[in-house]
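In the block that follows, a single chain appears as structure tokens, in the form predicted on its own.
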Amino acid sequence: MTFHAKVELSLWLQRTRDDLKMYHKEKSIQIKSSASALYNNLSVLRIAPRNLTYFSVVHANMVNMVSASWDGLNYSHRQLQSKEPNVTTSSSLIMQAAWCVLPYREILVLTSQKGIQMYESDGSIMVYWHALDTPETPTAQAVFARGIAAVRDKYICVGISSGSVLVFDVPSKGSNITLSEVLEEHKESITDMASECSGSLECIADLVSADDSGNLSVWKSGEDFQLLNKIPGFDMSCSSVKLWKGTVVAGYGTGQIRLYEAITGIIHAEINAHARWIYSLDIAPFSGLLLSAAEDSLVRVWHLTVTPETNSVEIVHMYNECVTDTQICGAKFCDGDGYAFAVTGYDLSEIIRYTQA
């Protein structure tokens, strides 16, 4: 890159940083019960045709759902409880709730200590239940499902505590959902999973799974999923992971963020992003903005630049927001450009929102 090009890039980044200083706090959305201290404890689904945004937050054995109109005038609430077949009410703790966006439908997936529940996007109808294998006698190894990702046209992948990844084949409508494959690569509990979010069909890798030892597995989907690469984790939990333009973005209990090339495992960057455990990462796929949130009460916004010609990835810190006295457990962009983001905190009965002016 020439000197003038570097100056232009520097000026552009400075202007962008100045623009991003314009994030300001909006009116919070109240929820029926407070957020549990779980990784990635916030999911957001934007329903553009209806000018609505759905939010979901886990509390113990239930999920708080809020439907919010874009003008901020109308809110509707729904609570989904952990369920088991032939049981009226279940005390099974929910570990995660997330919307999976497939080309022809959106599915709300709940994972718990007993199994996996799949609902229509508004939570009105449960379309599928998958029970986990639980031992007859209690063991030291907890049983649960955690880590949810929609992959390509028809797959939803869910991680479980044994380290397995369950691959479900989801039809364009109806409840004929089937378990099509079980991926046996991890030896520790799955913490998070992510699919390629850029929409690029050129990316060979389209799924990454992470576990409690920080190990990452990179996959190519298909009728038979193919393991492309294993990235070691140095015995520190990877609590949140994203995949964008062939780059794995991983957040760890050390407060670090690492950027890897998915196919080769080459590390592009390592950032001491937070002082405490990272709980959530998110990427705005259209702009390359990265959101990170941690126990240190900080939410940070970064900008990622991928340059395929030189096989390089750059990350620049753009903005941070301190949510005072809050152990942040969920943070999500509310749109693909990163114009707005939302945050949840342990024991808070609200979703805090920020938007650019």
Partner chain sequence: MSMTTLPLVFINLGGEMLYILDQRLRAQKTAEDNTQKVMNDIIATMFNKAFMEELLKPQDVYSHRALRTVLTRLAHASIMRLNQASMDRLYELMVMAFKYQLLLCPRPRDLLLISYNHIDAIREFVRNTPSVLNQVDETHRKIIEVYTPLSDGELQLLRQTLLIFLQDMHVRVSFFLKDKVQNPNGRFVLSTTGPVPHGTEVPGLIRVFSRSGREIKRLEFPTEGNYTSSIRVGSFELFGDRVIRFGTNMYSATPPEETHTSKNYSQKTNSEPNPLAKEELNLLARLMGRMEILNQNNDSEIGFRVSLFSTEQEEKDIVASGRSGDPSFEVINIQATQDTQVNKELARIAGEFTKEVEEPEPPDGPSNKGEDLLTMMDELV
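Numbering follows the first chain given and starts at 1. For clarity, every value in this text was computed on a predicted model and none was experimentally measured.
Another form, the form predicted together with its partner chain, is not on view; read the next lines as being about it.
In the predicted complex, segment of 168-176, 202-210, 122-130, 274-282 with a heavy atom within 4.5 Å of its partner chain: The contacting stretch here is 274-282.
Does its partner chain get within 4.5 angstroms of any non-hydrogen atom of S240 in the predicted complex? Although its partner chain is absent here, S240 would stay clear of it in the predicted complex, with no heavy atoms inside 4.5 Å.
Is L45 near its partner chain? Define near as a heavy atom within 4.5 Å, in the predicted complex. Contact with its partner chain, no.
May I ask you to check whether L348 falls inside a 4.5 Å heavy atom distance of its partner chain in the predicted complex? Judged by the heavy-atom cut-off of 4.5 Å, L348 is in contact with its partner chain in the predicted complex.
Consider E270 of the chain shown here, and say whether it contacts its partner chain in the predicted complex, taking contact as heavy atoms within 4.5 Å. Although its partner chain is absent here, E270 would touch it in the predicted complex, with heavy atoms inside 4.5 Å.
For its partner chain, considered in the predicted complex: do all three of S198, K220 and F333 come within 4.5 Å of it, counting heavy atoms only? Not a single listed residue reaches its partner chain in the predicted complex, so no.
Scan 226-248 and write down, in order along the chain, each residue with a heavy atom lying within 4.5 Å of its partner chain in the predicted complex. Result: D235, M236, S237.
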